[in-house]
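A single chain comes next, written as structure tokens; it is the form predicted alone.
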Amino acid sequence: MTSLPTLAETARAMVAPGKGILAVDESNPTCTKRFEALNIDSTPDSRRDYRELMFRTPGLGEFVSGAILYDETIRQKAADGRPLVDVMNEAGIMPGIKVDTGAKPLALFGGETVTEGLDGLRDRLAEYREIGARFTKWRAVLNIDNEKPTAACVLANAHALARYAALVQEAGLVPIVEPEVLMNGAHDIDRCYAVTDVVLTRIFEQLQIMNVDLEGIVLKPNMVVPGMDCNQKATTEQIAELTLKTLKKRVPESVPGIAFLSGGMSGEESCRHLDAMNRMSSLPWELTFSFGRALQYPGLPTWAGKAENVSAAQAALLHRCRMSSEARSGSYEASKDVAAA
């Protein structure tokens, strides 16, 4: 009888050399908003068709180790009647699942949020594992300006992430720990660095308190970037240097991998920054990607809900995954990316 992989083995497989994680865990309302912008009817079948075309992309498993799913998706069957998780496993793509229930207002702290979903999580995890999930995701959302996030907001979210991670490991699954300092706002890169540094400090303090095995997690942080409305733009080198500076200070070497979120950056931007970090120095952890929109575009508008566009959409997705794989290996060439696209 073949033994199941340990948490550490699964975590290392999630960040295996040359591979990253595809995020397709948009809620139904978010997916509907994106579909409607492209005149695509949003129904359970159309959402299934879109996710299925991604998982059936020939060669995707060469660049993607796993995909984060939404509750609806992990329960769906493919067009041929087989469970989507079976389609994924055949392609060499591990099924993962988003388990938080979203960011809600933090009491007595206007404009700040704490992510919820701990109630009933133990039972939901058991069900997701039975369906076929191998790992999970929980996203903490931190707004940033000159005063936010407050110490209370940072601690509340760090504690929730740590409690989530403990429950997930108890269930035999690997937790993706995702603290996102948002790009929204006019803050400069130094402010983003200061906040990200505090957030990572508190998160690893709380993970240690909750006895979470750091060899069995994957960290999914933001890159250190200026706000989208900031007049002081940052170079790729500045972004890479400051991101690595806080990671080297705050992330223990026992963590097997760091899979960055794209946070609203384009696929090309995300690749440039990730590539620069992987070229700068030897690192104690794998440095890879867990992008959503940065991988799904331009594949989604290329598909546009039409069966005749499936192959073209798959080619667009595969290209973005290949470019991201090269970036996580420090071999990305922007000129080739543009030419191929």
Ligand code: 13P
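Start at 1 and count along the sequence shown; that's the residue number. Not measured: the values here are computed from a predicted model.
As for the form predicted together with 1,3-dihydroxyacetonephosphate, it is not shown, yet the points below apply to it.
- By the criterion of a heavy atom within 4.5 Å, Gly263 is counted among the residues contacting 1,3-dihydroxyacetonephosphate in the model of the complex.
- Among residues of the shown chain, Lys137 is one whose heavy atoms approach 1,3-dihydroxyacetonephosphate to within 4.5 Å in the model of the complex.
- Shown alone here, Thr288 lies farther than 4.5 Å from 1,3-dihydroxyacetonephosphate in the model of the complex, counting heavy atoms only.
- In the model of the complex, no heavy atom of Arg48 sits within 4.5 Å of 1,3-dihydroxyacetonephosphate.
- You can rule out all but one of 50-58, 273-281, 36-44, 290-298: in the model of the complex, only 290-298 has residues with a heavy atom within 4.5 Å of 1,3-dihydroxyacetonephosphate.
- Along 23-40, residues Ala23, Asp25 each place a heavy atom within 4.5 Å of 1,3-dihydroxyacetonephosphate in the model of the complex.
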